[in-house]
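Just one chain follows, in the form predicted alone, and it is written as structure tokens.
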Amino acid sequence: MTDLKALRADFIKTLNSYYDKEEIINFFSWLAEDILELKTHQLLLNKEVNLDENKLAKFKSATERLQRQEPIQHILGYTEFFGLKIKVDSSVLIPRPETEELVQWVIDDYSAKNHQFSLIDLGTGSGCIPIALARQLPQAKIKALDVSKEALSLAAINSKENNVEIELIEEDILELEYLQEVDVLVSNPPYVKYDEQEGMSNNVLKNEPHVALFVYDDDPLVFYRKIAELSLKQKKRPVIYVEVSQYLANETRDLFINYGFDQVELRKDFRGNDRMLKAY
């Protein structure tokens, strides 16, 4: 028999110097549910339960990986995004809550439209954005593009496991000359400047792909400029939804205005930071 209260106390003590207590408690709940297969009510009762040695060994391994500051999502092998289970590994970014808000913005604008429309996600990574949109907007014909073969392989698995159809395309956004005509363009492109690394945690820097995170300090808006240029080459300008850096939000807005977009709107995330932009 394993004493859950003692197991939890030991887990908190082991990780106390690496994370804050609330985060550690969340980690314990996720691992207890996923690895130990314990239900919430069992955790709340803090009873002694029967756990086989194999499960306890996996739990111990997960604890050691957390000590090495590996993301909990990599340890579990998945994360939740918009109520969906999305597989993640070191080849893709772990989806953030702000990106869910970007997805919700698109859904709010298009859920009432009954006719079919086309949408593309540039820099799709795990496929979380187009998969969530495909589930919520069945009238959308969706494509997703990424430069990484590994990311696209994972996106293919995620789309299959979430029962949606997405056309996946291997291309470097910055090398594209033209984009097939689409009604909506969505993107969470790289926008973190290399000089911002100092303030970032090791679990991000050592475990997530830098190609999907960082841009050179002297040209941080390179992807937004490319998105604007590709959009202007289309017969009908698509509606653009992008995630942006809170530190470069005004500059990103000005970029789209300077490219001739008549309507450019910044939107704040749940923390009150300017993190999303819509342009058309």
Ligand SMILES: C[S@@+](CC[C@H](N)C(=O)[O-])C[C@H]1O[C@@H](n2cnc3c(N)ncnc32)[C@H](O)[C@@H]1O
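The structure presented is a predicted model; accordingly, all values stated were derived computationally and were not measured. Heads up: residue numbers just count along the shown sequence, starting at 1.
What comes next is about the form predicted in complex with the ligand, which does not appear here.
- Judged by heavy atoms within 4.5 Å of the ligand in the predicted bound form, the contact stretch among the candidates 118-126, 134-142, 154-162, 195-203 is 118-126.
- For the candidate set 241, 27, 59, 223, a heavy atom within 4.5 Å of the ligand in the predicted bound form is found for exactly one residue, namely 223.
- Residue-level contacts in the predicted bound form: of 255, 211, 38, 248, one residue has a heavy atom within 4.5 Å of the ligand, and it is 211.
- The candidate spot formed by 93, 99 and 188 lies fully in contact with the ligand in the predicted bound form, as each residue has a heavy atom within 4.5 Å of it.
- Using a 4.5 Å cutoff between non-hydrogen atoms, residue 72 does not count as a contact of the ligand in the predicted bound form.
- Residue contact check for residue 147: one or more of its heavy atoms lie within 4.5 Å of the ligand in the predicted bound form.
- Heavy atoms of residue 172 reach within 4.5 Å of the ligand in the predicted bound form, making it an interface residue.
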